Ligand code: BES
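Let's start with one chain on its own, the form predicted on its own, as C-alpha cells.
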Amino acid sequence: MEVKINERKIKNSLEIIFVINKNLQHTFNRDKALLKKVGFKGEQDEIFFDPRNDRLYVGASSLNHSDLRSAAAVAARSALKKEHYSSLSLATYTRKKADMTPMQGVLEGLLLGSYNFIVYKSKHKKSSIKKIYVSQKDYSKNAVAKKELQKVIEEASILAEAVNKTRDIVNTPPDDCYPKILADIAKDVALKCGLECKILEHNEIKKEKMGALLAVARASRHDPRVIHLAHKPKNAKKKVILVGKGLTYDSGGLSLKPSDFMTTMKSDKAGGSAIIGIMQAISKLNLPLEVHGFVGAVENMIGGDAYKPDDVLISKSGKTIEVKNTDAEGRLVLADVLTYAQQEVKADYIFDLATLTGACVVALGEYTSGIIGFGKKPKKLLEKASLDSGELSAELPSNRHLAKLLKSEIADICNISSSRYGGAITAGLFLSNFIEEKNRNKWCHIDIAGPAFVEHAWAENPHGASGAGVRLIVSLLKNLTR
C-alpha cells in the first residue's frame, strides 16, 4: 500500500482511530454512546467497526511504538476484509515535542499487518484498499511539520518493504527457492538498489577451502552459493559485517528430522533472507555506513554422498570439526562464511543472524531472539536496537563450563555439545571459535529461531515468516550513524 499525506475527505475511505490507554476523549462525540453500548473499552488490540460512519476503532495501551504497531496491524488485518473501501485514513499520533516514533509504529503496523502470502493460492481476493492517507492533524494537538511526517512515511515504507521482501523469500517453498534462486534474488536486489554483488559458485567455494559448508551441501542436487552484497557510500562512518544462515531447506541430513519437524524448514533460510532485506533497506535509506552482507546458501539433504556423523571436516579457518550430528549444519555453514567475511573485510562490528537452534525457542519462547557475544558495546547496541525497533531479544549467558562440552578427542572441536542442555549457548560458543581474536569483542550472534517463523499471527506479524532481524539490525545501523 502507498502512504500519502492528505487533509481532504477521501471517498470510500475507512478512518482508523486509535484509543490510547482506554481514553475515549479523541473519539467522536456521537460515537461515544455507541462504543459504550457495544462494550468497547479500548483494550490493547481490541477493535470495533462502525459501518455507519466508516470508522474503525482500535485500542492501544500507550503511545509506545510497539503498542501502536501491534494495534495498527490488527486494524489493517480487519480493514482488508472489508470490500467497500479503497483506502485507509488516519490522523497523526505523536508524543510531546512532536516525537514521531509513535507514528513510525503506526505506519509500520499498517504496512506489515496488511501483508499476506498468496502466491500459491489458485483463488484469492485482492484487497480493494490500495492507499493510506495520513493527516498532519494530531489528536494530541502537537504541531507536526509536513517535512517531518513525510520523512517518517518514507522510512516506514522502506523498512516495511524490506521486511515484507524478507517474508516473501522465507515463505517460498524449497523447490522454488534453492541456493541458486536465493543468489538470483540477491543479484536482483543489488541491481535495483545500487549494491555491489559477488556470488561464489561451487568451484570458487572449493578454491576458498570452505570444507565445512561444502560437506553440508554435498548430498543436494542444488550447488551451494556464497553471496556477498556491499553498500559502500563515500565517507562511511563505520564498517559493519553481517552474516546470515541461508539453509534453503534442512532435512537434517543423515541425522534425519522427524517428518513433523521437517515441515516449515523452508524457514531455515530466514537469517540469510534477512541479510538481503537489510541490505535493500540500508541502500534505500542511504545510510552513511559501509555494510557488507554475506549469506551461505546451502541445502542440507540425504543421499549416497551425504556427510556423516563421525566425519571430520576441515573448515576454511583450518580448524577441524568432528561431526556428531548432521542436523547441526547451520553452524558449519556459518563457521566458513564468518571466516571468509573476516578475511574479505576489516570491520568495526560483526553480527550474524541464524535460525540456529530449537533450544533457543525452548529458552526464550517463540517471540524472542537470543544474543550471545563477548563485547559489551555490540551487545549494548543490540539492546538499544531491540527497544527502538520493537523486536524482542534477550542475552544468553555464556560460561567456560559450557564451552568445555564442545571438546573433541579426535579433532579441534565437535559440532554439538556433549550435553543436551544449553544448546543455544553452546551453538553460539561453537561459532565464537571462528571469530578471530582481534574481532572477539566486535562480534555478536543472534539466534532468530523463535520469531523467524510462527504458525499463527502475532502483533504485526502474520502466519509464517516474520522478517525477524530486519528492523532490529536496521535500527542498530541507524543508531551507529548518530
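Remember, it's a predicted structure, so these values are computed and weren't measured experimentally. Numbering starts at 1 and follows the sequence shown.
Omitted here: the form predicted together with the ligand. The next part is about that form.
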Every residue in E329, G358 and I416 with a non-hydrogen atom within 4.5 Å of the ligand in the predicted bound form?
yes
Answer key: of K209, K198, K284, K257, within 4.5 Å of the ligand in the predicted bound form (heavy atoms) is K257
I need to confirm a contact call. Of Q136, N325, T320, Q150, which residue comes within 4.5 Å of the ligand in the predicted bound form, counting heavy atoms only?
N325
Although the ligand is absent from this view, report whether D352 comes within 4.5 Å of it in the predicted bound form, heavy atoms only.
no
Partner proximity in the predicted bound form: A230 to the ligand, non-hydrogen atom cutoff 4.5 Å:
no
Can you work out whether K245 and the ligand are in contact in the predicted bound form, taking contact to mean some heavy atom pair no more than 4.5 Å apart?
yes
Would I302 count as touching the ligand in the predicted bound form under a 4.5 Å heavy atom rule?
no
Pick the stretch from 392 to 400, 152 to 160, 290 to 298, 262 to 270 whose residues have a heavy atom within 4.5 Å of the ligand in the predicted bound form.
262 to 270
Residues of 67 to 86 having any heavy atom within 4.5 Å of the ligand in the predicted bound form, listed in sequence order
none
